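In structure tokens, one chain follows: the form predicted alone.
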Amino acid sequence: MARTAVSKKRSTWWKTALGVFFTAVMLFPVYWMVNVSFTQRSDLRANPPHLFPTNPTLEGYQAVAEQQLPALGVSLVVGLGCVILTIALAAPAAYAIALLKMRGGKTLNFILLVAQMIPAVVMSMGFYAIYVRLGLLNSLPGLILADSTVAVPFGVLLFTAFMSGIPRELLQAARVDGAGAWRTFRSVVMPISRNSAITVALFAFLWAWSDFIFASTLARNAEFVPVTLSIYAYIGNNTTQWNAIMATAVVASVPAAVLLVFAQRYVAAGVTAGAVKD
């Protein structure tokens, strides 16, 4: 009995040590990003590099405050626009596929799954040719629409998986009370699908917030560009402001980290919803 307890303790110890090791390896780039953001330019090429900023400076964050705020605002507008457009399109589409027995629903789900596999760089080339003719090049609506084409298929698939598990008795009770399909969707289906809606909204925002391919193809010459593109202004032929780049990356990571912390329990429930059938 005692030998079994000692064996379990050793097993737990090495598993914990392995978990700490891999966590440290994965978080090292984040640590190095923060470290460089506080490092003086003269110390950036030190050999060996400093593991901690020996003479910390805030000049990187000063550059962010003076130069990157418009780009952060553009990223915020694009992210929120992508969230609104994705929810507005994905939720009704999933409702029709999962609960209204729409003809061809399974085929549409398969097409959306295939659409998820198309590389963004291929889609951006197609969007460029279309946007030139429609006058959407270098515009915020064009960037929101392009980012939504990646988020909407994911949203439809996630909403469909969740809504397929909603008891049909709830929908029948709503119809008995005189609610039509649209009223049932607004008053019954969407309140129940709150976790899935939060999950879709979070992933849509994070995708639009971190997008670089669409931004570099469709909004390179725009008056205001998102932060993923604006950060490249610090990279020149002869100089590279690495502390400003890393400070921008730290500031740009804050909204995503805060959203993930506050929405993690909704995301866990939303992602696993519909995985188990009664």
Partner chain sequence: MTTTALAAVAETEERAPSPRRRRAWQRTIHGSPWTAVGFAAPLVIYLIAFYAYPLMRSVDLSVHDYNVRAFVQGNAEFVGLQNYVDVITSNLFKPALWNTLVFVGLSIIFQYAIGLALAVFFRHNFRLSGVLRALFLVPWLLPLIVSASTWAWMMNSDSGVVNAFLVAVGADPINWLTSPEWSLTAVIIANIWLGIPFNLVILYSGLQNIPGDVYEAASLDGAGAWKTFWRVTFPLLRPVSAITILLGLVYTLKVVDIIWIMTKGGPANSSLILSVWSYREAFGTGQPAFSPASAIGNLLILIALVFGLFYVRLQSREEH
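No experiment lies behind these values; they were computed from the predicted model shown. Positions refer to the first chain, counted from 1.
Keep in mind that the form predicted together with the partner chain is missing from the display, and what follows is about it.
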query = Q68: heavy atom within 4.5 Å of the partner chain in the predicted complex?
reply = no
Would V156 count as a contact of the partner chain in the predicted complex, using a 4.5 angstroms cut-off between non-hydrogen atoms? yes
*Consider A222 of the chain shown here, and say whether it contacts the partner chain in the predicted complex, taking contact as heavy atoms within 4.5 Å.*
no
- Task: Flag A63 as yes or no: does it have a non-hydrogen atom within 4.5 angstroms of any non-hydrogen atom of the partner chain in the predicted complex?
- Result: no
Checking I84, I192, A181, L72 against the partner chain in the predicted complex, the residue with a non-hydrogen atom inside 4.5 angstroms turns out to be A181
Partner-free chain; cross-checking the partner chain in the predicted complex, the single residue of L76, I198, L140, L108 with a heavy atom within 4.5 Å is L108
Checked 178 to 215 against the partner chain in the predicted complex; residues with a heavy atom within 4.5 Å, sequence order, are A181, W182, F185, F203, L206, W207, W209, S210, F212, I213
